[in-house]
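Given as structure tokens, the chain that follows is alone and in the form predicted alone.
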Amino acid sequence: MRRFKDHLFLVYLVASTIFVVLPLFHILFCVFANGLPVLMKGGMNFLTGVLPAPGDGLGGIGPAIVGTLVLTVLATLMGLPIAVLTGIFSAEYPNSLIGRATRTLLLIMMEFPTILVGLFVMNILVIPLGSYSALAGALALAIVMMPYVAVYTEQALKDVPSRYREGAFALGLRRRTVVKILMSMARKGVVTGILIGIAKVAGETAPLLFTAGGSYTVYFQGINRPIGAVPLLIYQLVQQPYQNYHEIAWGASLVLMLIFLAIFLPIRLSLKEVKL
């Protein structure tokens, strides 16, 4: 009976794993099956051209690709330093009033509807300036990114055994030096949080509805001008009744997935775990 229960539990674990992984593989299969023919049909022009008129062939998504990269880079430059410093503060002062309040606020922000972030940025930036802009879109994405990076940074520092911290302080090292040492030991978790934050904002659509504006017939013209993005383009195209727009949406979905995999996988696999 004991052996039977053991085998039954093993079957349950395998089945649960399959049920968890199966939707991911289904998404990958659908995107590749529908998007790859579009990329092969459009060729390089699909990656460099501009959005065509309804029913007028494939055209391209070049401005959307450039827009996604610009928005992601700007959002990372805005949000990453603040997020990492916030995570360090929460880990170093976990029992302080500000530390506890910061941790609670970060957890709330992780679950906060991102469309409300877009509305917030629209009210403080888009309406006063009188125009959609890359700056507004990047600010909204930076707000979305920060809690993920901060929480992962905090958790990565907490996972470092306390004996290393205590030993460093016993040697008379400054807190700033100790933090540098701990950050090097926790770099795998920190970088993972950064990559998750970047992947999160690279695929966001809701905040951009009220901030970026969308621009798919011209390339990036400045941070004070409307800008396109691949997720926003997909959202707008799937609502259109035109066959060529639906094909472009599938091709753009595959491009977005390839961008994410190209950023995430090489860096994540190249990181060496620090043995503690």
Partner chain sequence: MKIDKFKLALLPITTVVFGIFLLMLIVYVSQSIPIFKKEGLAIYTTNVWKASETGEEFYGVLAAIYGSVYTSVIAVLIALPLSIGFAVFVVDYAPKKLKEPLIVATDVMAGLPTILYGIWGAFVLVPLLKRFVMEPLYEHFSFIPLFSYPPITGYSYLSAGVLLAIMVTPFASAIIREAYRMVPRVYREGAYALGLTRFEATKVLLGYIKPAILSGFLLAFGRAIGETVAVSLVVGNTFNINPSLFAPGYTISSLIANQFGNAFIYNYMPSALFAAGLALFVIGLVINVAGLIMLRRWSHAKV
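Here the structure is a predicted model, which means the values were calculated and not measured. Residue numbers count along the first chain shown, from 1.
The protein also exists as the form predicted together with the partner chain; that form is not presented, and the subsequent description refers to it.
- In the predicted complex, the partner chain lies farther than 4.5 Å from every heavy atom of Gly167.
- Looking at Gln239, you'd find a heavy atom of it within 4.5 angstroms of the partner chain in the predicted complex.
- Not displayed here, the partner chain is approached by Val117 to within 4.5 Å at the level of heavy atoms in the predicted complex.
- In the predicted complex, the partner chain sits within 4.5 Å of a heavy atom belonging to Arg176.
- Interface residue among Leu77, Leu129, Leu107, Leu171, judged by heavy atoms within 4.5 Å of the partner chain in the predicted complex: Leu107.
- Among the residues Leu135, Val160, Ala206, Leu195, the one placing a heavy atom within 4.5 Å of the partner chain in the predicted complex is Ala206.
- Partner contact region in the predicted complex: 23 to 31, out of 64 to 72, 44 to 52, 23 to 31, 216 to 224, criterion any non-hydrogen atom within 4.5 Å of the partner chain.
- Contact residues in stretch 10 to 24 (any heavy atom within 4.5 Å of the partner chain, taken in the predicted complex) are Leu10, Tyr12, Leu13, Val14, Ser16, Thr17, Phe19, Val20, Val21, Pro23, Leu24.
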